[in-house]
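The chain below stands alone, shown as structure tokens; this is the form predicted alone.
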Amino acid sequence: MLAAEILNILSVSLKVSLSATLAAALVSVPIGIGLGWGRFPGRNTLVTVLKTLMALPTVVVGLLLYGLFSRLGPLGFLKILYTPAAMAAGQFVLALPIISSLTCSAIEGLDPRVRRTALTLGASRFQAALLGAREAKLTLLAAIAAGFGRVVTEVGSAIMLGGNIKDYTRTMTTAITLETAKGEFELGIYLGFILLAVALGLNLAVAKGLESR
């Protein structure tokens, strides 16, 4: 496998996973803040469901979205099956419960006086939520990094929704699967180390941020 091809595969992996993680963060962080500070009927059930979904098998996500995006599925008109967009949708589903649950835990860990003081001083609920996000920003960053780590290494839904098409939907994990199936174990391990290096770099950056807090 040529270096240019490996770079292309890495580029597809990062584009899909980063876009999915960003989209999931935009949805998950508000959900996590709402659950962390909210007190309403059914809250504990919702938190439990989110924590359970953190273990959602990637193949199950792939099957469900494949049914939705297939030509005869309810979202077949979008024609995104076997595209990076379909892969990002699968990774979005996987990242959402992780980021939401960890955000909820981060907000619950804040001093409750932060929210009470903000509301007493005339802040709206939205402004109080923004304050909570700022107070827990590094922990939220760690939650988002955990979501990224989950999706960048998944392979089940990526193969089912992307099809492992060369120079289009082939990611690091699907390439590893392909090379291993061909008996190219050395190349598969090499690609695995590259993927681990990317994950290590991200975690080191997050750890440095937490240490400087």
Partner chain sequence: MMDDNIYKLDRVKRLACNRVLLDIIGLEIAPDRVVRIIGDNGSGKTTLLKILALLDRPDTGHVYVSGTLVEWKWSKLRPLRNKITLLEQFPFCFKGKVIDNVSLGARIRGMPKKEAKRKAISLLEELGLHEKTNQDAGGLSGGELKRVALARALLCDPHILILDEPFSELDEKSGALVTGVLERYLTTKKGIFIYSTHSENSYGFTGERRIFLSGGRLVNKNESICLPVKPASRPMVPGGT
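Positions refer to the first chain, counted from 1. Predicted, not measured: the structure shown is a model, and the values here were computed from it.
FYI, the form predicted in complex with the partner chain isn't displayed, but the following is about it.
message: So in the model of the complex, is the partner chain close enough to A85 to count as touching (4.5 Å, heavy atoms)?
response: No, no contact at 4.5 Å.
- prompt: Should R71 be counted as a contact of the partner chain in the model of the complex, where contact means heavy atoms within 4.5 Å?
  reply: No, R71 is distant from the partner.
message: Does any part of L119 reach within 4.5 Å of the partner chain in the model of the complex? Heavy atoms only, please.
response: Yes.
message: Contact with the partner chain in the model of the complex for A123, defined as at least one heavy atom pair within 4.5 Å: yes or no?
response: Yes.
task: Determine which one of 123-131, 75-83, 101-109, 88-96 lies within 4.5 Å of the partner chain in the model of the complex, judging by heavy atom distances; exactly one does.
output: The contacting stretch here is 123-131.
Partner contacts in the model of the complex for 141-158 (non-hydrogen atom within 4.5 angstroms of the partner chain): Sequence-ordered list is empty.
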